[in-house]
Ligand SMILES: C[S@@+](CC[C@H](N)C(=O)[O-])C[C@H]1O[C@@H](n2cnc3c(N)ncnc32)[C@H](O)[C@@H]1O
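Only one chain is shown below, in C-alpha cells, and it's the form predicted alone.
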C-alpha cells in the first residue's frame, strides 16, 4: 500500500495528491495539467482495483483482455498520460478528439478544455464504450465528454474540426481522416509504430504534412479495426526471433540459424552508452530493414545472447550474418560503453558497420530530440533520406 510520510494511506484524495506530487518531479510541467490530475478521481475509472495500484503513476490498469490473455484495453499509466497531455499543450476552449476510450484520460482533457471546449472520445469496442460512459457518469463528467462507438480509422467527422487529436492506442499508420479532421494549426499526439519501435510523437499540421514537435518513448495496446497492423516473426534460434513490421524482406533464415551457433565476433565502440531509446531510433532509421532481435531469458542465462535481447534490440543483418548492440562498464567513460556482438561469415563487416553507427550517434546526436519525424500522405510523394512506407503515406526521419 502506498505510504505518505511513513504512514499507510487508504484515502484516495491523499493518494491522488501524492501521485501528482510525484509526477510534478519529472513529468508534469504545466499548472493546468497538474490541476487536472489533482481534480479527476482516478479510482472511479478503475472500480474494484486496489487504491495503491490505481494511484501508482507507473501502473497501467487493464480493463479488458482477449481469450489469450492479451490486453485489449486499459487505463494507461498516469505517467504516460501526463507526458502526452504535456505534449498536446491543450488550451481552454479547444475541441479535442480522443482515440481509444477509457474515460479517465477524457476527463483530464475535459478539465483542460474547460466549459467552453468540447471532448469527443471514440472506441470500436461496445463494452469499452459502455464502461467509459458509466465511469464518466460516476465521476460527474457525463455531460462534458461525448463517447462514440466507431472505428477510429475514420475519426468522428460530425464533430470536427479538432484542435487536438490524442491517440491512446498503438497506431501503425495515420489515416487520412485524422489529418482531414484537424483544424488549420492542429496537433496529433500519437504512439506511432514504425521500423519495429513505437514513439509518442506530437505532430503539428502544416501544408497537409505532419512535422514532429516532440517525441518520446511510449507504447500502448494496438489499434483494432481497419488500423490493425501485424509484424513478421522470423525464428532463428529456438526462442530467439527477428521481428520486423510488414512482410519478411527476404532474410536468409537457414544461414542466420547457422550463424548464431558459431563463435561470435566482439567489437567495442569506445563511445558512451546511454539514452538507449534515442540510440535505437538512430540505428533503425540509418539503415534499411533493421529488425529487432528478441530472445528468452533462458538463452541469456545460457550465454547465447546478452540481456539486451530480452526486451528487443536493433539488429543489423547482411546475408547470413547479423550483429546486435550490447554494453559493458567503462570507468574511463564514467559509465557504460556501447559495443556489438556479430555472427556469421560477414561478422566483421556487420560489426564494423554497426560500430560506425554507434560512434556517429555518440559524436553527433547524443541528446534528446535530435530526430525530426515527419508524416507525408501518399499524395506528397517520396521524401529524400530515410523513410518507411505505410498504408496511407510514409514516415520520414532525419537527424539534426
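Residue numbers count along the first chain shown, from 1. Remember, it's a predicted structure, so these values are computed and weren't measured experimentally.
Below, we refer to the form predicted together with the ligand, which is not included among the displayed structures.
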Heavy atom to heavy atom, is residue 103 within 4.5 Å of the ligand in the model of the complex? yes
Quick check on residue 234: any heavy atom within 4.5 Å of the ligand in the model of the complex? no
Residue-level contact is defined here as any heavy atom of the residue lying within 4.5 Å of the ligand in the model of the complex; does residue 224 satisfy this criterion? yes
Does the ligand get within 4.5 angstroms of any non-hydrogen atom of residue 277 in the model of the complex? no
94, 122, 145, 309: which sits within 4.5 Å of the ligand in the model of the complex by any heavy atom? 122
Contacting member of 292, 273, 220, 282, with respect to the ligand in the model of the complex [4.5 Å, heavy atom]: 220
Looking at 257-265, 123-131, 84-92, 198-206, which stretch has residues with any non-hydrogen atom within 4.5 Å of the ligand in the model of the complex? 123-131
For the stretch 160-183, I need every residue with any heavy atom inside 4.5 Å of the ligand in the model of the complex, listed N to C. 168, 169
